[in-house]
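Read the single chain below, which is given as structure tokens and is the form predicted on its own.
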Amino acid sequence: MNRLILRILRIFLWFSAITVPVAVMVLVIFIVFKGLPAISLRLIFGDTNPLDALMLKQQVFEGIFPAMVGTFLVVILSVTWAIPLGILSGIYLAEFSGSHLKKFLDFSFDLLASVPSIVIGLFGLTVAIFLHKYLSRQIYPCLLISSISLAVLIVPYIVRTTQLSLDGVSYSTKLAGYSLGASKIQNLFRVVLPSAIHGILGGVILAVGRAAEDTAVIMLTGVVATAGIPGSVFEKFEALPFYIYYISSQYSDKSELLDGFGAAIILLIICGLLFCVAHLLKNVVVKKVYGF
């Protein structure tokens, strides 16, 4: 009887483990099958000369090139704000906070992680309205507001992965530096952090993907359909997630819908490139900074 239960449990676990990757593969194959015929220079650059668009000599109006650039910019800016805050907060929670404060902060970050992205978008919009009214009439929803709002969205993920990675370091490893006379700060940066760096940077990679795919936040804080490439962080911008949402909800014929699938393929490629860059940076940090 016990063997039968164990066998059923193993089958169930195997089925659960294989379901997610199979579902993802089916989804990706479907998107590629639908969108691959739409992939062309026309989709990316429209009627604009590709070289002129790449050199920023001529604005692209009917292609997704500005949305590709906007996606890169908003992701890079958002992780730039989120990484220092998230990692430092995770270090504080794991190594320095008292039990009562830790419980409160744990609850706060869990609550922030559970907030719907549309609510964070409303928060960003409210910040833009407040700054426009009380600081400068020139401030509107823009690339900067969108990146800060996305940073608020992804910070809890970085905090949690950092905290869990540090908590996962064995007690004997944490004592190694102290046994050699190191201070708490020296032990943290020379022993504990190197042991947890893989998990911390893994959380950063997940945060990059979360920032690249969100639509609700940027839709309320600065993204528009035909903004072009922003000249500064205080201008509106375009982004692929919003373009896909916009074209798929308001398409007038089949070709426009296929353009949405093509844009989805390009968004997947951009996410893949960002993941590859993050992995390369992870390897550089591990090998160059910590020596292993």
Partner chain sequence: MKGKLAEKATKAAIAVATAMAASIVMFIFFFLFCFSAPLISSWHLGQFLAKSWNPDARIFGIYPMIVGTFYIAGLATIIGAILGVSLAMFIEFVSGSMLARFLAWLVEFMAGIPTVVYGFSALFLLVPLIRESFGDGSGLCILAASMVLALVILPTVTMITLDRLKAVPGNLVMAVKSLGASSLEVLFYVHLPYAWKGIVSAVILGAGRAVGDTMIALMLAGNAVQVPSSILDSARTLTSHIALVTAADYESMSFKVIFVCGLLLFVFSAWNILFLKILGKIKR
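Numbering follows the first chain given and starts at 1. Source: prediction; values computed, not measured. Just so we're on the same page, rigid core means the largest C-alpha set that superposes within 1.5 Å between forms.
The form predicted in complex with its partner chain exists for this protein as well; it is not shown, and the discussion that follows is about that form.
- Residue contact with its partner chain in the model of the complex: residue 116 places a heavy atom within 4.5 Å of it.
- None of the heavy atoms of residue 59 is located within 4.5 Å of its partner chain in the model of the complex.
- Under a 4.5 angstroms non-hydrogen atom cutoff, its partner chain in the model of the complex lacks residue 66 among its neighbouring residues.
- Its partner chain in the model of the complex is approached by residue 133, whose closest heavy atom lies within 4.5 angstroms of it.
- Against its partner chain in the model of the complex, the set 55, 76 and 202 makes no contact: no member has a heavy atom within 4.5 Å.
- Partner proximity in the model of the complex, defined as non-hydrogen atoms within 4.5 angstroms of its partner chain, places exactly one of 36 to 44, 225 to 233, 244 to 252, 66 to 74 at the interface: 244 to 252.
- Residues from 256 to 278 that approach its partner chain in the model of the complex with a non-hydrogen atom closer than or equal to 4.5 Å are 257, 260, 261, 264, 267, 268, 271, 272, 275, in the order they occur in the chain.
- Relative to the superposed rigid core, residue 226 undergoes a CA displacement smaller than 2 Å between this form and the one not shown.
- Once the rigid core is overlaid between this form and the one not shown, residue 36 does not reach a Cα shift of 2 Å, moving by less than that.
- Distance between the C-alpha atoms of residue 277 and residue 203: shorter in the model of the complex than here (change of 3 Å or more).
- Relative to what is shown, residue 277 and residue 160 are closer in the model of the complex; their C-alpha atoms differ in spacing by at least 3 Å.
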